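Here we start with a single chain on its own, the form predicted on its own, put down as structure tokens.
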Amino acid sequence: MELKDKNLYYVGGVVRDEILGLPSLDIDYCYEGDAIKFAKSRGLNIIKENPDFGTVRVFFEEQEIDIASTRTERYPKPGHLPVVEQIGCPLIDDLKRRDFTVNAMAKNTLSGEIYDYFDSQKDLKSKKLRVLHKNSFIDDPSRIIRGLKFLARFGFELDIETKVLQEEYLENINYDMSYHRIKKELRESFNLNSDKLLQKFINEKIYKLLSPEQAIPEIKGSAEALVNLVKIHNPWIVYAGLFDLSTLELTKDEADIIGAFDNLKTVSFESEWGLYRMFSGCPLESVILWGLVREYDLAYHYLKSLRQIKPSVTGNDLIKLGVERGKLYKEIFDFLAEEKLKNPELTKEEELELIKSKYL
């Protein structure tokens, strides 16, 4: 059973995806009026209210649903987060504050009628991204990165006028902006793992949003191919980490990836063992970044082959051999790893014999 009302609408991406015949990642509801009052009047199971933004979360039919009131916003400072101006405005005024026309449609939950005030369906058909007003990127520069997400997901391109507005903004960037939003859009866009997206990020100079002084990396090979070799937790940083991220608030894991990458930049390897030993202690994302700007084939070789080579002997095996815990453990495992690189076919029994002959 669906939640329906004459003033309740599906809005944004869910309408876009339905028209495209695609499954939607999220379902957004918008109530023309006060969503909190609506939820209370219907006796819905309210989990959380946010009166400042006119949003309410309810538990309905075994799932949590967020319902937003129609609202207008204004930007006190360009590039910063907006503030709510009016809650309960007409639907068209709420849709005007969206990023692109393709995301500015609504579908009535009761009648099924689609409300398209901005020729959004025409833009969908032609696969064009068009902003709703000329100050769109000035208000929220993260929309420039958001456009990359729609390129990767749907193959959309900027229409001519929107492309001009983007180019004009990137030539005169206001760096007093919400970098929290910039990071959010980078994470969502680059998590889609696309070399094409990265090239567009570079070719259209979108990287300039991160800070005024940005070096353009010379990329040695396919980032996508390296990412597909391993399972990583921060795929976005494999792309964005090629640039200066000092304006972003990074988590400890993200900062460790960048730190390890910086340390690797000046490192050279004379043997497979040197390569294995250095990379074994690094986050995989750092190895990928190093490969993209230094030695692509070496990084590929490590990620595809060398990192799979590990001794079969364990700490418990050393205890059974009578080896006391301590620094010798590391020396033994380093020795075994080097021998295993020379001969990946070594069995566990042969590894144990090597330990006995060298250390016991």
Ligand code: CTP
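For clarity, every value in this text was computed on a predicted model and none was experimentally measured. In this text, residue numbers run from 1 along the sequence as written.
This next part talks about the form predicted in complex with the ligand, which is not shown.
Using a 4.5 angstroms limit between non-hydrogen atoms, D140 touches the ligand in the predicted complex.
Contact check for F150: a non-hydrogen atom falls within 4.5 Å of the ligand in the predicted complex. Taking non-hydrogen atoms only, D34 never approaches the ligand to within 4.5 angstroms in the predicted complex.
Using a 4.5 angstroms limit between non-hydrogen atoms, D244 is distant from the ligand in the predicted complex. Comment: 95-103 is the region of 206-214, 193-201, 95-103, 163-171 lying near the ligand in the predicted complex, near meaning a non-hydrogen atom within 4.5 Å. Of the candidates K107, K183, R146, K128, R146 is the one whose heavy atoms come within 4.5 Å of the ligand in the predicted complex; the others do not. Comment: the ligand is not present in this chain, but in the predicted complex one of E62, D52, D26, E324 has a heavy atom within 4.5 Å of it, namely D26. Taking the ligand as positioned in the predicted complex, the residues of 2-26 that bring a heavy atom within 4.5 Å of it are, in sequence order, G12, G13, R16, D17, L25, D26.
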